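The form predicted alone is given below as one chain in structure tokens.
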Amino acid sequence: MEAVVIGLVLGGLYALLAQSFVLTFITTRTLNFAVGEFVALGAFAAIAVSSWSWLPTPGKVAVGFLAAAVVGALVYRFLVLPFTTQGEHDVRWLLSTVAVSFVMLNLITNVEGPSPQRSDTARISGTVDILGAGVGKQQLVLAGLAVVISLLLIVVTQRTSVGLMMRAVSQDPDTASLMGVSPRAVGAASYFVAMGLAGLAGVLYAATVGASPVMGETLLVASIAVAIVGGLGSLWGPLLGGALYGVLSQVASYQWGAIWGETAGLLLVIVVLVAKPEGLLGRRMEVKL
């Protein structure tokens, strides 16, 4: 039971990052493979203002969110958007986001150094006993935040005019533009929110493990796997994918060791791709590949 509880909590962290992939995919049909570096960017932005005693903790967390969000919107405008208008099979946006990943990693390393830095922003100490498993309060907050944000995104996309515009751009950007909806603005907004979520995860995660330029790399594979398992076209997908991936990997780790835990999670991805390529909750759709 301990492995299941810890797996669900870790799955929440993966789900939060997986929403970054899902949100950009359902609006622009693109993915940002530099999400790991945006995690680090948010963490270091919060550390940069940690000494500002006049700024309360929620404000420092907001700085981490906004730093990643603004850079994310700029990446979309200058490094993704130009390659989405050249035809459905143009994959240069994929290469550009991979390049952004390397550029950001080098910039952050040169500015902050390679060694992990302690972060006390939004740190919550202590553990909570859940069904016999000791779960850190910080990890529990991350898991709960993933659920709350996922539900909020679902409500926004399904119940508001903003969500209507997002769905219109996703289904037919040309027709949406004729109706007065700007696909560019919607795409920029989705990248703003998606990368902001990555930065937010970075701020809270750094309070547990410290901030380092490579802190997001360990989460990148798992978050992509969770997005694929749940379905890149569904905002519910990361919650289901995170739960399955987290529990399976933790149970396998407890039974056979950490290496088998990671392997079990990736095997789950392969099984889902073979049986249901669009993901467990996704719908079959055209992809720009």
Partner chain sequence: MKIWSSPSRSAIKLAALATTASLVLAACGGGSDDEASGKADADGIITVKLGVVGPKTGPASLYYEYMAQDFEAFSDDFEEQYGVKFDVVSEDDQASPEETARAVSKLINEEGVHAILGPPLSGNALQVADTVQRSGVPWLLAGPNADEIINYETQPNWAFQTNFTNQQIMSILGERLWADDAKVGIVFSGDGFGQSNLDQLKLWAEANGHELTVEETIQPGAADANAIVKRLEDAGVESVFMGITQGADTATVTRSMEQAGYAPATVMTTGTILTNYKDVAEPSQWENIQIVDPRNFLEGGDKWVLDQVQEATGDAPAIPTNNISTYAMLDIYAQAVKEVGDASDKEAVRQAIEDIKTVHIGPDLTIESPFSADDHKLYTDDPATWFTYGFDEDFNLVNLGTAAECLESGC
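Positions refer to the first chain, counted from 1. Here the structure is a predicted model, which means the values were calculated and not measured.
There is another form of this protein, the form predicted in complex with the partner chain, and it is not shown here; the text below is about that form.
The stretch that touches the partner chain in the predicted complex, counting heavy atoms within 4.5 Å, is 204 to 212, out of 162 to 170, 204 to 212, 76 to 84, 146 to 154. Among heavy atoms of residue 55, none comes within 4.5 Å of the partner chain in the predicted complex. Within 4.5 Å of any heavy atom of the partner chain in the predicted complex lies no heavy atom of residue 182. Using a 4.5 angstroms limit between non-hydrogen atoms, residue 236 is distant from the partner chain in the predicted complex. In the predicted complex, residue 8 stays away from the partner chain, with no heavy atom inside 4.5 Å. Site annotation in the predicted complex: the residue of 221, 258, 49, 70 reaching within 4.5 Å of the partner chain with a heavy atom is 258. Not one of 101, 158 and 177 comes within 4.5 Å of the partner chain in the predicted complex, counting any heavy atom. With contact defined as any non-hydrogen atom lying within 4.5 angstroms of the partner chain in the predicted complex, the contacting residues in 99 to 137 are 109, 111, 112, 113, 114, 115, 116, 117, 118, 123, 127, 134, 135, 136, given in sequence order.
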